[in-house]
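As structure tokens, one chain now follows by itself in the form predicted alone.
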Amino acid sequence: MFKDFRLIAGRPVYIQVKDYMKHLMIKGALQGGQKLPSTRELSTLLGVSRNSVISAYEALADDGFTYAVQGQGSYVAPGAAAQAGSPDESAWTLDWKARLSSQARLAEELDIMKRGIRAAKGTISFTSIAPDESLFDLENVKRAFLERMAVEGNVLLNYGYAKGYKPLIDYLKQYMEHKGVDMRGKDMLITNGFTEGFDLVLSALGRKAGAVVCENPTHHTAIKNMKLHGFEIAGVAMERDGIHLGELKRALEAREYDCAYFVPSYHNPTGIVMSPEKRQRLMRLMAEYKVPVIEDGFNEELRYSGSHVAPLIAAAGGGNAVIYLGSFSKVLFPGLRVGWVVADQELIYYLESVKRARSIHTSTLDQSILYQYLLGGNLEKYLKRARAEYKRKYELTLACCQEHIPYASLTGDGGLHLFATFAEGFSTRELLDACREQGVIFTAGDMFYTNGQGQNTLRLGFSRVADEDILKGIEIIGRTARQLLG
């Protein structure tokens, strides 16, 4: 006994000793009523200072695991041995898989993280569209944290409000107004990123038709959530400047929908930016058929060239039929799980209650750090640097694709990815298998389609790939594709 104790750097020694001794008691190696080694003896056995052992024994007594007898030493408390326990009559085994709901089974079935490619070390991976952490503005984030904690640290570490941190809400309302959004009659709810916001909205929507219409392909996480909520999904094909309005009109004529879900800017996965003209026509069409719109404000800030394109909620003017989901996850720091919903104030009133029932509130600490960071004018400075770097990588990736990949079409107007479509009948799953053997992976595009199509498509995320790997990886993808095409 005591020979398997190992110190871990950076953690107080007495806590490690306390936890080690507690572990021995819980697993039954030290029984109730058993006398413990003296502090001097244990310090020798474990190779730590006697003061550390004294502090550990005091902490164990405070936790009720030991008791001291004056002049005799420390003993294991009877309750500690009971916690260890030997198997008793109340122990039984349950088959939890048999108890799972259909929603849990579907969530696991749709979980690409569990079924995705396990990349070996050194693999060139084009699967991610997360921001490049080397660009993160750490010094200003640290400064924002310290400044906000100095102002109201005691408040930030307590419970917050379901609706969100008011200073951040006020800031983001103004931010949305600068995007051209008429905020009159609208309100805002802070969420744990886009995904929670989308889940809350789908939870709150009444199901008259049980169906959602969206672009095809579209955001895989959105597909998962719509399926988990039991909605049928009608996907409408894309054109070079956004959703095909003719096909959308035919879909709207064919049946009713509870809502529509659109990603108009730097669409995931195609990277297409819907033209301002098409946005206006789209909103007129949705108004004609009285279908509310959920707008995903994905990557709006990563505009490399051209003028600002107002979101759909801005194109809707004073109307209240658009629900906007915003997030800085792909622009700033995904680790700060902060997103927002802008919608009619009555809908926000109910969403606040759904949010409170689900997760009480979004981390006030995260919200306050983001607020202080934004307040200091850091977003604009960061975006200038990030846009320059991502634009450079985008142009490099685009040039490599044009030189090496035998695609039928290639889309992506900015953002963090490109989307390639090959000739009909070509399998990007087969291409992926062949490329993986050569140390290169990407995202096969069929997962983004609502109807099982897209076997001839792929998405290339370049944001976290080094220049030399972009050059090498795309050359391998292109060469392998040509071999498969014969």
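Owing to the predicted nature of the structure, the values given are computational and were not obtained by experimental measurement. Just count from 1 along the sequence shown to find any residue number. Superpose the two forms; the largest set of C-alphas matching within 1.5 Å is the rigid core.
What comes next is about the form predicted together with another copy of the chain, which does not appear here.
Enquirer: Just to confirm, with a 4.5 Å cut-off on non-hydrogen atoms, which of P406, G319, P167, G73 contacts another copy of the chain in the model of the complex?
Expert: Spelling it out, the residue with a heavy atom inside the cut-off is G319.
Enquirer: Which one of R337, K278, H244, K227 is close to another copy of the chain in the model of the complex, taking close to mean a heavy atom within 4.5 Å?
Expert: Checking each option against another copy of the chain in the model of the complex, the one that comes within 4.5 Å is R337.
Enquirer: For the chain shown here without its partner, which stretch in 232-240, 398-406, 135-143, 246-254 has non-hydrogen atoms within 4.5 angstroms of another copy of the chain in the model of the complex?
Expert: Contact criterion met by 135-143 only.
Enquirer: According to a 4.5 angstroms non-hydrogen atom cut-off, is D344 in contact with another copy of the chain in the model of the complex?
Expert: Judged by the heavy-atom cut-off of 4.5 Å, D344 is in contact with another copy of the chain in the model of the complex.
Enquirer: Using a 4.5 Å heavy atom cut-off, state whether R358 contacts another copy of the chain in the model of the complex.
Expert: R358: contacts another copy of the chain in the model of the complex.
Enquirer: Please run the contact check for M1 against another copy of the chain in the model of the complex: heavy atoms, 4.5 angstroms, yes or no?
Expert: Flag for M1 set to no.
Enquirer: Within 4.5 Å, heavy atoms only: does G414 come near another copy of the chain in the model of the complex?
Expert: Outside the cut-off, so no.
Enquirer: In the model of the complex, which residues of 1-40 put a heavy atom within 4.5 Å of another copy of the chain?
Expert: If the 4.5 Å heavy-atom criterion is applied to another copy of the chain in the model of the complex, 1-40 yields I8, G10, R11, P12, Y14, I15, K18, D19, K22, H23, I26.
Enquirer: Does T421 move appreciably between this form and the one not shown, meaning a CA displacement of 2 Å or more on the superposed rigid core?
Expert: Where the cores coincide, T421 shows only a C-alpha shift between this form and the one not shown that is less than 2 Å.
Enquirer: Can a Cα shift of no less than 2 Å be assigned to I54 between this form and the one not shown, given superposition on the rigid core?
Expert: Yes.
Enquirer: For K27, is the CA shift between this form and the one not shown at least 2 Å following rigid-core superposition?
Expert: Shift of 2 Å or more: yes.
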